[in-house]
Structures are given as C-alpha cells and as structure tokens.
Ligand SMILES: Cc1cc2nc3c(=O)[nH]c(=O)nc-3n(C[C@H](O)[C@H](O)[C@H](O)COP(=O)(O)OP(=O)(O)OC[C@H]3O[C@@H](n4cnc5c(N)ncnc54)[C@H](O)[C@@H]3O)c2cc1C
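Quick heads-up: it's one chain on its own, the form predicted on its own, in structure tokens.
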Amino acid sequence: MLNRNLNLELLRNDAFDVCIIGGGSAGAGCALDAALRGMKVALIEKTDFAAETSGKSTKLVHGGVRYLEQAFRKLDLAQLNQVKHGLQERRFVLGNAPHLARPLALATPVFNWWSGVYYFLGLKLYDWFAPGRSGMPPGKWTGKRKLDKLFPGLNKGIRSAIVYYDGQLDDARYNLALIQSANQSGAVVANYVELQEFSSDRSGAITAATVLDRQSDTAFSIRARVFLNCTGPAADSVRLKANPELTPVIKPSKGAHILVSMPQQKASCALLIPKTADNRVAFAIPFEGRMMIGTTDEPCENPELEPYADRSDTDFLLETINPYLETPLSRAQVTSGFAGLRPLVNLSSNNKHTKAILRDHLVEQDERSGLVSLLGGKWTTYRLMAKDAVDVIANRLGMHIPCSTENHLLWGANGWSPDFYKKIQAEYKIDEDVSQHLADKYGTSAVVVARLAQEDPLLSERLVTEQPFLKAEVVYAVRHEMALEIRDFLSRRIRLELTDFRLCAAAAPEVARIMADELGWSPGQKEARLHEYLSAHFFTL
C-alpha cells in the first residue's frame, strides 16, 4: 500500500543514503535495487509515476532485431552487446512480473524467397543469442494459412512470414509494480513532488534538495548522501541545476503511436514492418483490445512540453501500415494516440539524426556536485541500468552488497498463475472478462479490488459498458496506488486514455466523482479538474 501522507512526513524528517529524482522505470528500478541492498532510499516524481517516457513506450520487451542487423552490417560490437544484454534482460522482465509481461509472437512479412531467407537466418541468430532459459519458442517460417489465423486481414500478396518471439508488457503498470515493490522493501516514494534546487557546501557538493509538494504547494528539504538523477529526457535540466558548467548530452526524440479499432484486434500476434519511409522498422501490436501502430522518430525541439500524436503522425503511421493490409485503414478507425520522448544520449554534437544514436545507457558522476545521472537506456534493460547506477552509489557509500533484483518477484506476482482469474471469478462472482482484467493488471492484489466491489454494489458496476473496468478500481487506485488526479487513473492505472478517447471521456465524470469523494475535493475542485482533463490537447488527433 502506497501511503503518500506518511511518505511525505518521512521525506521531510529523515536523512537518506540516496535520493532518486524521477519515478519512471529507471528511477523505480534503482529504488528497488538500492532498497534491497539495505540503503535508506527516497524517490520523488514531479508528476505521476510513468507519466512521461516510461508509460508511453511501444510496450515491447526485446533485444532489438534491427540492432542485430546493424551490428553485422557495420561489424559493430557495441550494438551486438546491446542485443545480447537486451535478450538477457528480457528473461528477467518477463519472469519477475508474469501478470504484467508475457511472450508475444511477431510476424515479419515475406514477399520473395531471398528476403525470407535473409529474415529467417537473422531471426535464428536472434534466437541463438538469447539465453538458454529464455522460455521463448523458436522462430519459424510460416505459410499463408497459419499466418491468416495469427494476423487476419493481411494483404493477399503476403504469402508467408517469419514468426519469432519477444515480450510485451503494460509499461505503466509494470512501473507501478516496481514502485510498490520498492516501497514494500523500505523505499520512501512520493509522486507530485518536484525538484526546485539543490543546496551545496563550499566545494559545490550537493547536501540537500529543496522540493515542492505540488498537491499542497508547500516546499521542504530532503537530505541525502547521494542524489541520483533518473529523469530521462529532462536529465540535462537536473544536471545543470547541480552544476551549470556541464554540457547537455540528451537529444530527445519523439515517438508517436496510434491505436485503431479493426478486425485485426483479434490477432494473436504482432506485425513487424521491416522498412518504413524513413528507413526504420514499425510495429502493429495487439494491445488492450486495439491494434497499436508505431512508432515515429523525430527530433524534439521543446522537450519541456508534453508530446502528443498529431495529424501528421497519424497520416504517416496509416501510410506505413496500409500496404500490408487487405483493407486499408481510415482515420475513422483511429480511436486514440499518444507520444513519448526517448532520452537518447548524444555524446557527439555532430550527430543530428536521432535514429543513428545508439539506444544505450550511461552512468555519469559529476566530480564537482557529486550528482549521479543515469542517462539513456530503454525499458527492456531498466534492471541492468539500475544495477549499474546503484553499483556506483554503493561503492561511494562503502556498502558493498551485490544486486539481487534478477529474480525478485514484483508486487502482485507472488502466488499468481495464468488461471488466477478463475479463482477471482468463482469466489467473487465476477464476469470472466472482468476477473481476467483484474488478474492481469493487479496480480494477486486483484482480490482487494474484488473485495471492494463485493462490499459495495455500486462499486461493482462498470465504468463503461464496453470495457471490464470497475468503479472499485478508482477507489483502490486512490487508497493503494497513490492516484491523485483523474489522468493518473484513466491513463496509467487502467490505460483507457491510451486506447479510446471517446470511452475515456465517457468514463471521466464518474471517475472524477469517486475521486472527489475519496480525496475530499469540493464540487468546484472536481468540476475544474474534470474540465481541465477533458479539454487537454492530447485528446485531438
């Protein structure tokens, strides 16, 4: 259970070994790793957990097929190592939270014999680099009949495909499970707490941070021996607060996705599009009853502003997917869209193209301020990134305790199994689709949500008839998951904002009503929050 008021009191009054700035996957992973090593850990996030990059990914857990191709084409050992690290970490991501991450089949279309051989050999090599206990089926060259069952509605010119396996995760809920696990292990965490400035001694070394509780608009100080910057695309702003003489190294890239309602929502596999108009790869992936298509890759000039999927992004992604479909998609089938920023590390000022920058991570120590910054990286390798950063901090603190996160089950995973939903359905008399949803999003904690619904018949009602989300989930999110705003719930606790803007708008008034009761909002505050949410720019495509 995340208790924000208690955690704020601890942040104000205690001193910590490490204070982590940023509550995305990197920060949450570091908090769990450090707490398991016995460190006294604080973590602050200026908005909500996974509100930025970590909740807006392509939802894939992968080694990086295109990195493997580039590694052999360019004889680049660094990219080859990146693939190997990704495949190794893929196993841990899937194994530590099986309710939130699972294997996903991906089909790469074959248009001629030569391309089939090329893709087949490449994906066999991809399988070969995976650890022996990866648990993934081997890649296969699949004919038209089976392909039509895996991904209905493909262009009839696609006679076969190479089908291989990677992983898929619910990124924002996985991020939350990391936060919950870190808190359970002793870390003190709080969202809507924003860094204002650092306090330093005469040598310039950081001794404390002044932060703002954005819910109460009050400032206070956090004391820690080490401060760790895990703010992704915003990392340079924190680096420069610690030491204005540092050189910016982050080159943010915008990646947009759209979600569509289409017959292929019944697809049991994803589609990998091997070459887009800008010489990248793209994906069409089943997600939450929709088909998610992404992603773009464009330099971002204003990383302080929230990115969103605009009309040009929508047009590009539709033009990318339509040649592969028997019936082209139209704009009318687009139900939602979102965009995130990739925190690419650019150590060369001459490199202007974001897709050419290696997606890897870097742990930086600033000698003057003592700030440690974890830069770059991707979701799949969050645990390795955290290990590298916490290793550096452990050495500085003289706490030589090894990392133990490889096989640490996350919140909701202990005791979970693929048929756990049947237990909820039978015990609480809940519809099958609802029990499946609860088991897949909350793991074994689903019983707490089910109990809330059982105790109050009003909370057992669905938020919208077309979806399995219960009103009880709003109460649970406020009481146990530190949800403080309407968007926290709709975007990151149940993901409805990502999949369907229309249904999200329909559910928002009831979500606002329940949150107002739980959080003590006045009628005016409730209406203001609801209006602000529904008028936000991300609802337009």
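The structure displayed is predicted, hence computed values, not measured ones. Numbering starts at 1 and runs along the sequence shown.
The following text describes the form predicted in complex with this ligand, which does not appear among the structures shown.
S.K.: Flag this candidate site as yes only if 25, 62 and 377 all have a heavy atom within 4.5 Å of this ligand in the predicted complex; otherwise mark no.
M.R.: Yes, each of 25, 62 and 377 comes within 4.5 Å of this ligand in the predicted complex.
S.K.: Tell me, out of 431, 194, 310, 456, which residue has a non-hydrogen atom within 4.5 angstroms of this ligand in the predicted complex.
M.R.: Residue within 4.5 Å of the partner: 194.
S.K.: By the heavy atom within 4.5 Å rule, which residue out of 233, 337, 109, 412 makes contact with this ligand in the predicted complex?
M.R.: Exactly one residue meets the criterion: 233.
S.K.: Among 362 to 370, 255 to 263, 392 to 400, 155 to 163, which stretch has residues with heavy atoms no more than 4.5 Å from this ligand in the predicted complex?
M.R.: Looking at the partner contacts, the answer comes out as 255 to 263.
S.K.: Might residue 239 be said to contact this ligand in the predicted complex, defining contact as any heavy atom within 4.5 Å?
M.R.: Flag for residue 239 set to no.
S.K.: Any of the heavy atoms of residue 342 lying within 4.5 Å of this ligand in the predicted complex?
M.R.: Within the cut-off, so yes.
S.K.: Residue-level contact is defined here as any heavy atom of the residue lying within 4.5 Å of this ligand in the predicted complex; does residue 493 satisfy this criterion?
M.R.: It does not: once this ligand is placed as it appears in the predicted complex, residue 493 has no heavy atom within 4.5 Å of it.
S.K.: Residue 507 versus this ligand, in the predicted complex: is there a non-hydrogen atom within 4.5 Å?
M.R.: Judged by the heavy-atom cut-off of 4.5 Å, residue 507 is well away from this ligand in the predicted complex.
S.K.: Which residues within 285 to 320 place at least one heavy atom within 4.5 Å of this ligand in the predicted complex?
M.R.: Going through 285 to 320 in order - heavy atoms within 4.5 Å of this ligand in the predicted complex - there is one hit, 295.
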